[in-house]
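Just the one chain here, the form predicted alone, laid out as C-alpha cells.
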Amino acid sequence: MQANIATNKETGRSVNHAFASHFAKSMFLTVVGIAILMFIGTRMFTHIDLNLYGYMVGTIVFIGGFFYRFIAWGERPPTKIIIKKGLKLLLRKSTPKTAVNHLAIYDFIRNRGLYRWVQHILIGWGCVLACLVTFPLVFSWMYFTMEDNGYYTIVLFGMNVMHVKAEGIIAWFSYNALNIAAIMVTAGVCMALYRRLSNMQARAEQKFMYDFLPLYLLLFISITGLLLTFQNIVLHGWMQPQMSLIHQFSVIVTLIYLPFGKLAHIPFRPMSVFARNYREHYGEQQMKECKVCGDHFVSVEQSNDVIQVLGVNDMEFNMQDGFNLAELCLPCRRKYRISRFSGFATHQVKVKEANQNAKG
C-alpha cells in the first residue's frame, strides 16, 4: 500500500513537472476541457457557428487572464490559508445560506442601503444571465434548430432536449434573454453612474480608469446589443452587420480587460463564502480577547494566522509591552500606534472612537 502511495506521489510530481507553471497547467486543462465539451456539444464539430468565433477567442483570453490573476493572488500566504481552510469548511451546514446571501441576493450590500442593493442586483444578475446565455452559444454547447412545422428544437450538448413553439413563451424568453439582461445592466449602470456623480464621498475617491471605465464598457455592450434587436425589428436589418461587429468588438475588449480591472471581483466573488465560513467556524470555537481593552474582536485562529503570515513575510510586530500588534482590536491598535509617536499611552484611555461601531 505504501508503495502505491509513493507511486501516486511520483506520478503527480511528474505531471506537474510537465508544465512550466500552475498557470500553464490550469490553462491547458481548461482549454482541453472546453475542446472536449465542444466536441460533444457540436456533435463531433459538425455544428459550429463561425459568426461567434470572435467571442470564443475573447472568452479563452479572458479565462487565461482570470487564471493568471487568481493563481498570482492564490499564491499569497493569506490567500493560501483562506483557500486551504475554506475548502475543509465547505460542507458546513451554513454554506448554502452563506452562498445565497453572498452570491444570489447580495444581503451584505442591502445593509449599506436599498439603492445600492438594487443597483448591484440589476448589474450582477444581468451579467450572470448574459453569461449563461452567451457562453453555451459561443462554444456550441447549446443551439437551436427549426423544422417546417413551426417548432424550434433546443439542442444541449448534442442532445435534443426540448421542442418549443416558435411563437410560444419559452421561445420568446429564449430570443429576448440577452435583451432582458441588457435592460437590467443598463438600469443598474445608470444608477451606479448617478450615485458616483452625485455622492460627494464617491466623487472624492473614484478614478476614471478603475471606477468609471468598467461601467461605460458594460453600458456600451448593453446599448449596442439592444440596438441590434431594434435594427432587426424596426429597421429591417439596416446597418445590422456593422453594429454586430461593433458589439462583438466591445464584448471582446471587455472580456480581455475584465480580469485586470474592477470587474474582476465578479468571478472572484465565490471566495467570500470561504472567508465567511472561516470567520464563523473559528469564531464559534474561541474568540480572541484584545490585550488592552479585553473585547472579543476576532477568533483565536484568525489572530494566530495573521501573526503567522506576518512572520512568513518577515514582518514582526512584537511590541515591547509583551504582545503582538495583531492581538489588539482595531481601535486599540490605532490608539497604540498614536502612543508610539506621542509618548502618551493613548491605547489605555477608556474612550471609544466616534465611529467605532459604524456600519457599511
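These figures come from a predicted structure and were not determined experimentally. Residue indices: 1-based, along the sequence shown.
Not pictured, yet referred to below: the form predicted in complex with ligand HEM.
Asker: Is it the case in the predicted complex that F108, H120 and R196 each bring at least one heavy atom within 4.5 Å of ligand HEM?
Answerer: Yes, all three are in contact.
Asker: Looking at C290, M142, L217, L263 here, can you tell me which has any non-hydrogen atom within 4.5 angstroms of ligand HEM in the predicted complex?
Answerer: It is L263 that has a heavy atom within 4.5 Å of the partner.
Asker: Exactly one residue in K97, K88, K165, R269 has a non-hydrogen atom within 4.5 Å of ligand HEM in the predicted complex; which is it?
Answerer: Looking at the other structure, the residue within range turns out to be R269.
Asker: Pick from 152-160, 235-243, 127-135, 89-97: which stretch has non-hydrogen atoms within 4.5 Å of ligand HEM in the predicted complex?
Answerer: It is the stretch 127-135.
Asker: So in the predicted complex, is ligand HEM close enough to H102 to count as touching (4.5 Å, heavy atoms)?
Answerer: Residue-level check for H102: yes, a contact with ligand HEM.
Asker: Taking ligand HEM as it sits in the predicted complex, is R116 in contact with it (heavy atom to heavy atom, 4.5 Å or less)?
Answerer: Answer yes; at least one heavy atom of R116 falls within 4.5 Å of ligand HEM in the predicted complex.
Asker: Is there a non-hydrogen atom of V251 within 4.5 angstroms of a non-hydrogen atom of ligand HEM in the predicted complex?
Answerer: Flag for V251 set to no.
Asker: Do R112 and ligand HEM come within 4.5 Å of each other in the predicted complex, heavy atoms counted?
Answerer: Yes, contact at 4.5 Å.
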